[in-house]
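Take a look at this one chain, the form predicted on its own, written out in structure tokens.
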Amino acid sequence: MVLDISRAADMRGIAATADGLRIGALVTHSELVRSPLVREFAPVLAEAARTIGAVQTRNLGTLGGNLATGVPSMDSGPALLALEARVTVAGPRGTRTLALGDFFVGPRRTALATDELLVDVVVPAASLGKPASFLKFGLRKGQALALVNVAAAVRVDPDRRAFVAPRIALGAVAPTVIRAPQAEAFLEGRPPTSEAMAEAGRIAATEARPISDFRASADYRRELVSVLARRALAAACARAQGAQ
């Protein structure tokens, strides 16, 4: 049996709510790129969506579809994970809410039961407007599958000149999209210096669990994590300080 959910109105739309920014699972990548709400409250998600496939893919492909594939190299996953997004899942037993990190359980595997649907994604209110950056490295400029992708989201306390709640998410370097908690803990409360961000990148590389395949070695991917994490942190930090 094939079910067409493309006309499910309650799985569409982007709205600012008391809980945060709600994005229906059927919202396309092109809609994310164009959305004034996404650009205002979670621009890093638009950055990530812009890198997905070709324009035809972005016009038809959906955020929910990208997440539900469970592919570790997905581009939307790190951006949302860095913003600590949650997902709503619905089925005959009702609805449940999961942290996005708990939604991914393995390569091409999610927490969805066979009779459940991913309904929406919510970027929580506490993460709205949080300065963030997304970077992707592939073997070509267009329609590239990520060798590594990284998202970083940070706040900078202007009085203490220190990182607050840094978040680093990595894609294509583990069985699922992951956070780098040791690198985050290292940065918490530290001044936003280039040396601190470089060290956080090196720590994040040790938390990655990449494989070697025909596209790149595990060591090369770890080096990419170190470099991209440092650059993503620097970009997010610059945006945080520019907003003050």
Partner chain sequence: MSALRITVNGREHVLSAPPETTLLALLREHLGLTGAKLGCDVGDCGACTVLVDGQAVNACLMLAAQADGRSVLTIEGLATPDGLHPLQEAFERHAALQCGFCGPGAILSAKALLDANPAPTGAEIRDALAGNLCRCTGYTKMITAVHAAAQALRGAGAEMPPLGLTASPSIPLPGGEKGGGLS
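Numbering follows the first chain given and starts at 1. All of these numbers come straight from a predicted model, not from anything done at the bench.
Below: the form predicted in complex with the partner chain, not depicted.
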(request) Tell me, out of 142, 158, 92, 106, which residue has a non-hydrogen atom within 4.5 angstroms of the partner chain in the predicted bound form. (result) 142
(message) Since only the chain is shown here, I'm wondering whether residue 60 would be in contact with the partner chain in the predicted bound form (any heavy atom pair within 4.5 Å).
(response) yes
(message) Considering non-hydrogen atoms and a 4.5 Å limit, does the partner chain approach residue 209 in the predicted bound form?
(response) no
(request) Classify residue 55 as contacting or not contacting the partner chain in the predicted bound form by the rule of any non-hydrogen atom within 4.5 angstroms, answering yes or no. (result) yes
(message) Taking any heavy atom pair closer than or equal to 4.5 Å as contact, tell me whether residue 34 reaches the partner chain in the predicted bound form.
(response) yes
(request) Could you tell me which of 84-92, 142-150, 168-176, 126-134 sits within 4.5 Å of the partner chain in the predicted bound form, going by non-hydrogen atoms? (result) 142-150
(message) Need the contact residues for 1-27: heavy atom within 4.5 Å of the partner chain in the predicted bound form, sequence order, or none if there are none.
(response) 2, 4, 6, 7
